[in-house]
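Starting off, we have a lone chain in the form predicted on its own, written out as structure tokens.
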């Protein structure tokens, strides 16, 4: 079976991609991913707030006491051992690029226009094969309109894409009024691909301590349904390559993503639970299904179940909403009669 494919012009030996996660926080884990057969690795996200905080801390220690007396300006603490967020990330990226053959993409979650472009340029110089811009933005301000939020995101993409020569994928959430139109605008701004979708981790309330707590749950195969639905709608309507993220746990999940129109299937939760070696099993599941159903390549099946290729496209549209609601059949022995 031919599992080779291209994603944003990047040649992959197979379309399984390790998404941004703790698995890419050290070189040994990334080597395990490569040895297990992963097609590409997206490094963990670098948050601009973290870099800014580290920068302020370093500046504080470098300048502390400098105005006490004249000679103090010549005193500096030993800096090479300081864990400076941006520098540590770039060092790991460069080391991975030199040690591994698999494509390595950098992931950036910026907060200011200047921060996005500065670190995108540094990531390119460090050897990244591509960039994934993690547009993790929650519009909690009632004064910010949807148009303003979208324009801010588009400006970010435009600035970064014009700064680097690397392919840029935009990882977004699903909450847009007209998602296909917005993705087209992302492409016009310079994006080569989109990643569907970013997971907004929810908060919970602790009723004993009256504290707001973070709730992090790993994905399940059921979570694939949302990105699968939108991938099938976007395929053929936008020129961006599509990566599905969230809910890829087995070969069946990945095959569904490809048939919807995805160029790459990103995964994390399954690898966190079972280790990078699980990749081999998933690839075997994909190849086995393809052999049984006489598919010769991933490209052959891509988009075969998309909106434009299925006989009844209503399953992706509003008409299916009423059909699904009306399909429920209660247990005749239950209370709902």
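Residue numbers count along the first chain shown, from 1. Everything numeric in this text was worked out from a predicted model, so none of it was measured.
Only in words, not in the display: the form predicted together with a small molecule, which the text now covers.
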{"query": "Listed residue that, although the small molecule is not shown, lies within 4.5 Å of it in the model of the complex (heavy atoms), from 128, 186, 267, 243", "finding": "267"}
{"query": "Residue 12, heavy atom within 4.5 angstroms of the small molecule in the model of the complex", "finding": "no"}
{"query": "is_contact(residue 201, the small molecule) in the model of the complex, heavy atom dist at most 4.5 Å", "finding": "yes"}
{"query": "Contact flag, residue 167 vs the small molecule in the model of the complex, heavy atom cut 4.5 Å", "finding": "no"}
{"query": "Non-hydrogen atom contact residue 47 with the small molecule in the model of the complex at 4.5 angstroms", "finding": "yes"}
{"query": "One stretch from 251-259, 146-154, 193-201, 94-102 that, in the model of the complex, holds residues within 4.5 Å of the small molecule by heavy atom", "finding": "193-201"}
